[in-house]
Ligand code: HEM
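For reference, the chain that follows is the form predicted on its own, supplied as structure tokens.
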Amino acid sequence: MATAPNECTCSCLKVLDNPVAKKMLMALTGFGLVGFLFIHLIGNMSLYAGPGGINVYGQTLHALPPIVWAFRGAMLLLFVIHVWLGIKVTLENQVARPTPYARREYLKVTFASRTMIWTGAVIALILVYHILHFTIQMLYPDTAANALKDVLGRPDVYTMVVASFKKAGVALLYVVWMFAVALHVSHGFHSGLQTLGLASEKTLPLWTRLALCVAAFFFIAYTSIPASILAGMVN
């Protein structure tokens, strides 16, 4: 007999009442988003190949709208679930410990772990700006790729990106964004492995160092684009 929709909904809600299940789902969605960061970075790095690199990348995406928007929708769903769970877990932790400590002692607790909710908020807010800026292209219509064409008639993504990051304020905003991402990943990566039972007390230091390396890699790779453009190395 098929399960009724209401029964499925109730079952899902019961699962999400389990603190362990919530943390596991938050870890899984987090790893999915880290995977997206790697994939997105590959496309971004094509900027260094000049207009013939990133404009081909942009044209390829433009030619596959159903696939691209389905992928974006899936990533957005992962992001929304991750944010919702992060807020829910944080609020529940605060309710479980309503009386603040007279003096906080941070033992084995890093700055990144203490600020997860705040770096998450920064990431979410600037993501909205990023979508309006480069995805929907409504913030700077005069340099939007869809409004400009290169010599081969392709959307001029290269000019859009370079013109945007020549503005110091825009470049700085993206650097701040990537700093928040790096802090978030530096704690979330090894914390997620612990939640999924993939990191023991013995291997945790190794995973912690790996998390720091992954976070540093993202920060350096992503911020190299606005930094190199603002410095005049790419124009």
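Throughout, we count residues from 1 along the sequence that is shown. As the structure is a prediction and not an experimental result, all values here were calculated from the model.
Form predicted together with this ligand: not shown, discussed below.
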Counting any heavy atom within 4.5 Å as contact, can you tell me which stretch out of 206 to 214, 170 to 178, 190 to 198, 23 to 31 lines this ligand in the predicted complex? 170 to 178
Hey, in the predicted complex, is residue 118 touching this ligand, heavy atoms inside 4.5 Å? no
Might residue 134 be said to contact this ligand in the predicted complex, defining contact as any heavy atom within 4.5 Å? yes
Would you please decide whether residue 127 lies within 4.5 angstroms of this ligand in the predicted complex, comparing each non-hydrogen atom pair? yes
Does the 4.5 Å heavy atom contact test between residue 144 and this ligand in the predicted complex come out positive? no
With this ligand left out of view, choose which of 112, 163, 123, 78 has a non-hydrogen atom within 4.5 angstroms of it in the predicted complex. 123
With the partner left out here, which residues of 212 to 229 have a non-hydrogen atom within 4.5 Å of this ligand in the predicted complex? 222, 225, 226
